[in-house]
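So this one's two forms of a single chain, laid out as structure tokens and tagged structure 1 and structure 2.
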Structure 1
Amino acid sequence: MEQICLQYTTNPQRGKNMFVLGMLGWLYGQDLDLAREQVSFTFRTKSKDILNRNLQLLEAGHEWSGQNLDFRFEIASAPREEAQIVVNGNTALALGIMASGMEICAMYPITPATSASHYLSEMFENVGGMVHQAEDEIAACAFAIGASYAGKCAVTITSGPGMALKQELIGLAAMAEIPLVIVNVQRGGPSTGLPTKVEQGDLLQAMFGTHGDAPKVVMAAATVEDCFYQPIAARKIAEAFNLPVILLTDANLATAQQPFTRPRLRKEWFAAPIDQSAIPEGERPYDWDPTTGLRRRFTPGQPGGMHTLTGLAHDRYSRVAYDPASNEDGLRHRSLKLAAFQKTLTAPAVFGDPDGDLLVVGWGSTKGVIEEAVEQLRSEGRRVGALHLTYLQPMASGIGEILKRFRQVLSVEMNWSDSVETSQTTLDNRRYSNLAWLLRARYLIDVDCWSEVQGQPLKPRTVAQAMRNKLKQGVARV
């Protein structure tokens, strides 16, 4: 390969990738004209000499394969009538933040989230946004809260260790009812853990990490396309309900590239202008609605809206209040907001059989793997289905009814769970995976779990085998 590449470039190390691309194009029966078009687009800003050299290497790899290889796979390409983009999850996340109308991203560099801030640093100012690199994770969260307090909604992006440092300030946003979007690009843990590897170990931290009762919405992206659209939804939820919204992605999504339909910008994605109309006389900063817990958001500069913002327990005037009634009043209405938001959610559709012997429940980037495993078992005649959750807190109505339609329920995740096959583990001391804990507690159903934490993406055949094993075991006794 190097010898052939030397015919076109003095440095074969910089030419072999294009040669191999030509080989792959021949091996899989792909359109060489389309490959030429994409290479030309990729190198459009380079000199004509560089472009021509890459095209020559592409064609050389294609020609060599046709002359020397005795096998080939004909895989038809699905025709596309819509324009598509191909990006990784962190780039999609950055694009989604820009599309959402959020104008401030405050973060501290951390693997595997950093590349999102790199992209934003290059592009955000083109749409009026700004990236603030703070001195640490705590300062990044504080900066974002301050920006949100001024009237809009800001985002801070991090990974597991950074989430741990932000917890006190997430509690401040919940107590003061300031909209805030926090993105956690999960990696392996605990401590420094596996900075460049994948894990789904932060779900319980996202829901319960802050001390005291601090209601927040927790949602998870399942695909690269989700990484684009979910920041838009997260911003709208945060501003509508004046609370923190945590969006979970992971290292799988951060670096994986997937094509999806090119988004078309919509006006309804953006935030409304900051409300600076005068506050009616007598209206209080925390005049909570008794049904929804919602209240009008006061922003700095509003006539009649001056008040002291505090993270201490406070009454409806935002005055520090330690009396039992005021504390319980605030807790009740902050919790009502989650209940009100939950009323807007619909249960996700079941993939595969709508009822049967086994339901696999997952969240995050495992969606495609789980659904492929389900398809494999259905082809074997098994009645199985999959349910993938986007909203983990709160969960939509109807999920409990779906779980009851299957004889057995198994969560599949990339976080730790004890195996019952060890001599020390029993049903009395077993530690379940994150989602299994939640489903068992909420729906009082015997949800079993299977998990793998090798720092690698799950494989469909491994999940399929775990499903077969569960079907053989039958319903476990609780």
Structure 2
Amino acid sequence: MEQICLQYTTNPQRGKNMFVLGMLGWLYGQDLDLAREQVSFTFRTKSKDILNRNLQLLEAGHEWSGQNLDFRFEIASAPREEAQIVVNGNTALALGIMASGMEICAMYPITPATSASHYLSEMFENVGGMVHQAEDEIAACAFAIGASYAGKCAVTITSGPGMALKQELIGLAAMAEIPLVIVNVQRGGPSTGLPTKVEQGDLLQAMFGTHGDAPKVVMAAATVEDCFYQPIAARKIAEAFNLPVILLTDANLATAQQPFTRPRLRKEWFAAPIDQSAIPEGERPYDWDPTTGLRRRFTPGQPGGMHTLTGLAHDRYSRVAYDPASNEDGLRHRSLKLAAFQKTLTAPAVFGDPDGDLLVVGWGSTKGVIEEAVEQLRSEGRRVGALHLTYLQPMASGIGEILKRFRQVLSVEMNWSDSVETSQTTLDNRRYSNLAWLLRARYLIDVDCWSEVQGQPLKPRTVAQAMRNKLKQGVARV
């Protein structure tokens, strides 16, 4: 193979992927013309020479297989009724941002979030938006907050280390009640960690990373399709409730390609023009509704709405106020918004058996793997189900009831958790995986966890084994 590749390239390390693609095309009886088209599209920005060499390698792999292989597979491609979009999670995220009505994305380059900003930088201005590459993540978040404050909700995209830097400003957005969407394309941590590898280690940071009580919505994408639709939802929630919304994706989703039905764009996704109407006399910038905590946000340019927004404790006029009553008043109403938002959520459906011996709970990109493992165990005759959470903060009502329908609950995640089988770790010092902590705290159920931090996607096989162990011994560790 190396020899054949060397006919077209000086470095076979860089050419053999195309050769293998040609082989696979032959093996699975795929249309070579279609592959040519896709390769041409992928290398559209590269030189003619590079494109031609890649096409030649593709064809060489195809031809070689025809001459040398004596087996082939026939798998008919699944017929689709509707047109499909094929993109990776970061491209879907960028498309979702453009479809959400958000118009400003401020960022500082960081793997694995950057490719979303690359595509957004290329496209956003055509759709009436812009990407600002700030001097650091703190500035990016401040810039997005300034833009949100003066107009429509803006977004900042980052990954773990950048997320850590933004925390103080996320608190400002929560405190002053400015809509803001923050996307964290998670990578391995802590510190610089595993820049290019996947982990789900930032859920607790998203929930509690800010000092003081800073209510925010936390949601997670499970699929590439979610990467498209969630920014649209996030923008809506941020503007309706005037708070920061953290959207978690990960390094897996960032580069994974999954086809999904071509979205039908809706006018309502695009934000209304900036409100510049006069504020009626007597209205105050923090006239919180006593049952929902909601208020009308005053935007610069609105006559009669002049006030100074502040990250300090403030009264309903937005005046700095250190008195005990004002401080509690603000905290109460900001917290109330999450309760009000929770009323709009419904619990996700359980995959597999609706009740039984074991429920696996997950969030984020592990959905497909967990469901495959659940299918496997059901085919072995076990009564098991899976629950996958999109909204982590707040969690929909009804989740507690679902957990209680199973004899055992196991959280499966890609982040650190202690094994209970070592000599040092006991149940009273065990550190659980991110979601397990949250479920245990909220529902007072003995949720166990099984997790892996190998920087790789989970495998259905290992998850299935963890489930069998849990069912057998009541311990999940493989």
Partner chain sequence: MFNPIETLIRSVTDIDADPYSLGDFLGVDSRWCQRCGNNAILTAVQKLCAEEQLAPEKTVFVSGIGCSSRLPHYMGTYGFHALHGRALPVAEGIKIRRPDLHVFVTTGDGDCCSIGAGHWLHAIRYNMNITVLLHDNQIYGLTKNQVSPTSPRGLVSNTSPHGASLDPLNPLAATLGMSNISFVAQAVDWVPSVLYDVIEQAFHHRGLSFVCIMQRCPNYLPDHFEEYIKNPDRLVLLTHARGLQVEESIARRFKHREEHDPADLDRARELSMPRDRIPLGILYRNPEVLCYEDVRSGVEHLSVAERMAALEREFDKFTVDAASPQG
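Sequence positions of structure 1, starting at 1, serve as the residue numbers. Just so you know, these numbers come straight off a predicted model, no measurement behind them. Take the two forms, superpose them, and find the largest set of C-alpha atoms that agree within 1.5 Å; that set is the rigid core.
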Working through the pair one at a time, identify the form predicted together with the partner chain and give its number.
2
Checking S47 here: with the core superposed, does its CA move 2 Å or more between structure 1 and structure 2?
yes
2 Å or more on the CA of M18 between structure 1 and structure 2, with the rigid core superposed, yes or no?
yes
Shift of L32 between structure 1 and structure 2 at or above 2 Å (CA, core fit)
yes
Using a rigid core fit, what is the CA shift at Q67 between structure 1 and structure 2, in angstrom?
4.3
Relative to the superposed core, report the C-alpha shift of L6 between structure 1 and structure 2 in angstrom.
8.3
